[in-house]
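Shown below, as structure tokens, is a lone chain in the form predicted on its own; questions about how it binds or moves come after it.
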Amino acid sequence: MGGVIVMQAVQTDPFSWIINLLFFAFIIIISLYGAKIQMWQWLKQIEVGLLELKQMFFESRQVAIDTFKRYGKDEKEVAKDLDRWLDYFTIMPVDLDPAGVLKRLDHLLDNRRNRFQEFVSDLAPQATESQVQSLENTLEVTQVLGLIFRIVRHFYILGKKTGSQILIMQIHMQMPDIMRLAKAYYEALDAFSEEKPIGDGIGPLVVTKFAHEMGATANDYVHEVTREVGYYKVKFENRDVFVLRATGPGGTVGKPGFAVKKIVEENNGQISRIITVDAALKLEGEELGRVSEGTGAAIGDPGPEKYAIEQTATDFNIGIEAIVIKEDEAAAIGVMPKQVLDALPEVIERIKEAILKRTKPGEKIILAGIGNTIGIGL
């Protein structure tokens, strides 16, 4: 009898009916509008990131304007010309017929570089050649941030306009990586505008230190073997070492692949080993500044430089190896971190070990330091 009374009380409890109604209403709303609610959340999160990207782009643009106006033109004129240049693009060569594509790509890259230098020289008439190279880097960082902002804005507006859940989901999923990349470029502005060494310059820094240890000075440097690239010729344990790097201290990588090719040809192929030293992208969880060795040409160009090294090594049967220093994006394009700089002695020891173990007295070696030489003198 008491159990029946309790059951009736539960059945007639108005709060249980309210809870049940709310539960079923929630299920119906989620079923009908769950996708739209999810899209609304994604769009809001993308919008927050987009606003941050916009702020980074406009601040980088102002930094570029402030940097350029130091060299002879007023702010209004600099801003007008800079905005025009931020839309500059390069059309990649046709690769449906791959024969000769690298030669055509190299030609296009040379033309692009010429246009960049022409523009920067016009915008900063009082800048030296080294300063022009560094200003190019400042311009490129601003250009990249502008491009990232415009691409994200494009997909945000397109997804919102079409209501495409797939499109919105894709851009939302990529936003964390996009933001990390954009912040790395944004934080690198200080290095480029103030001409400070960056993490990517560890290759040239290592080989310069090696050359100095062997007694070379800036006066021993042979300029312009190829565009913006030269070398020191030093002796190490009765071996001739061509220590090759971009000239610097402006922000340039030069054309080291073609410099390797030219040195090999000038020595009639009598080079026993090519060693390249460069920064490499580390995996998450790996230690910043970790040194690794491998086989092949460590150079991150679009293709022509790497091809020149590989083809030359193949044609003359030259051993080719690489030593890399692990970095993330922020370290590679930002001011060189201490952990990367601290790897310098270990890299030099590995270079010496590679020469002693895999070459013989009297032989010739090319040691190429690959990377941006901004802030790194001879």
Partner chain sequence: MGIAGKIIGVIMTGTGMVLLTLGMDPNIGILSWGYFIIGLFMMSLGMALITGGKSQQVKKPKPPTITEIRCDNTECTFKELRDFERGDYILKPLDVSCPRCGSTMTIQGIYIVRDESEEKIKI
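Residue numbers count along the first chain shown, from 1. All figures in this text were calculated on a predicted structure; none of them were measured in a lab.
Missing here is the form predicted together with its partner chain; even so, the following discussion is about that form.
When you look in the predicted complex, the only residue of L288, M214, L108, L181 with a non-hydrogen atom within 4.5 Å of its partner chain is L288.
The single contact residue among E195, D220, D301, D81, judged by any heavy atom lying within 4.5 Å of its partner chain in the predicted complex, is E195.
Of the candidate stretches 327-335, 311-319, 36-44, 346-354, only 327-335 has residues with heavy atoms within 4.5 Å of its partner chain in the predicted complex. Although the partner is absent from this view, D95 stays clear of its partner chain in the predicted complex, with no non-hydrogen atom inside 4.5 angstroms. In the predicted complex, its partner chain sits within 4.5 Å of a heavy atom of D190.
Among residues of the shown chain, P249 is one whose heavy atoms approach its partner chain to within 4.5 Å in the predicted complex. For the chain shown alone, K209 is a contact residue for its partner chain in the predicted complex, at least one non-hydrogen atom being within 4.5 angstroms. Contacts between stretch 146-168 and its partner chain, counted in the predicted complex as any heavy atom lying within 4.5 Å, involve no residue at all.
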